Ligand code: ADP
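Okay, here we've got a single chain as structure tokens, the form predicted alone, with questions on binding and movement later.
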């Protein structure tokens, strides 16, 4: 399969293409992805710029029809798309199908939002003057998406962009061209005018600066690493360009003495190791009070060791491979750093399976303190640490002692402590007796501190980024 760029309604190949390799089986090449350059990116921006005004003038019904069609097509093909996602990224098949289903629901939600857009009609403080407040599209928006949610994150950027009348240039991560191409194929089948949506495949280091620095692109939404996000923020700031960043996390899960042990263990297991820990909302720091610490570690170790790690499409597999060799090497390096700093490591070794892939055991790292590197830097793999603390107040202090602030959780049966934690946790999303990973598509997503910058994604709050407010006065 050749994965091509979609520019101005036409499929565009390039002189070079790279293989799309299955991380569960490196002999399985899904296809070859075109590697666009500055010329193709510039063409995509020109196409979006030419189409933007027409789409901005489209009716709510036109936008609804397009988005609803896309959502229906995604949901109708959830099994095939889920299998593609699992082969390409390494999620287990149920996780892959679940992500595709979420993407379909996102498009359906924003189809509804296209019809629900509202404004304000106000009386002026001056007699004989009327005021209306409306939202206009931003124009051309550049969307840069990561590899860990290869269809859901493009969906939650593309869908609101189109719903609010913008033209789009999507630049997905190099590791997952297949899902982006499949989404583009569905969008191309809709009644969306040509040029409103454009897909450009290739290296972010080459394509990103062109997308970010073109003055015709009025806004950039990025999900990815902190260093790249900081660079994008600086570039957009210099141009006074609107920017939205979703970056890293070092998310705490607090487990108090009064927690239900089985609930706490299942919450930690899901949050830390499902999706191979490759979620920015993963529970990477387990902060456990001393009364339950030993029982919690023993039971979590037992459950962790029982996880079936294998080919993403295998029956009963609970954890697939790491996405690629570079990520695997980074994960193993962090495990070794923790050992070198005096921590105890349970699991965390590279393992072999019937097919050649990037497999590693989930790792639980105990006897850690919050100042260790393993607790300061995002690993982005199936690696969780345990930090023993004396009490609730210490747990909250440790939980907040991080440069990140995306998601935070607590396991407790105390209404008092749950209420206090929701108020005191320095995070954009707080979970009580639930995994830190796993959010709904119709509510805001985002964090504080170094995790996020700009307005929230998803739900009705997406309008804050994809529109600009206009206030109009009329003399009567």
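Numbering follows the first chain given and starts at 1. Please read these numbers as outputs of a predicted model, since none were measured by experiment.
Although it is not shown, the form predicted together with the ligand is what the next lines describe.
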Checklist line | the ligand contact at residue 334 in the model of the complex, heavy atom, 4.5 Å | finding: no
Next item on the list: Using a 4.5 Å heavy atom cut-off, state whether residue 289 contacts the ligand in the model of the complex.
Entry: no
Check: Is residue 352 close enough to the ligand in the model of the complex to count, meaning some heavy atom within 4.5 Å?
Finding: no
Margin query: Taking the ligand as it sits in the model of the complex, is residue 225 near enough to touch it, meaning that at least one heavy atom pair lies within 4.5 angstroms?
Written below: yes
Item checked: Triplet 62, 116 and 184 all within 4.5 Å of the ligand in the model of the complex via a heavy atom -> no
Next item on the list: From the candidate stretches 388 to 396, 250 to 258, 143 to 151, 274 to 282, select the single one in contact with the ligand in the model of the complex, where contact means a heavy atom within 4.5 Å.
Entry: 143 to 151
Check: So which of 320, 172, 96, 160 gets a non-hydrogen atom within 4.5 Å of the ligand in the model of the complex?
Finding: 172
Checklist line | Contact residue in the model of the complex, from 342, 112, 130, 209 (heavy atom within 4.5 Å of the ligand) | finding: 209
Note to self: Suppose contact means any heavy atom within 4.5 Å; which members of 350 to 372 contact the ligand in the model of the complex?
What the structure shows: none
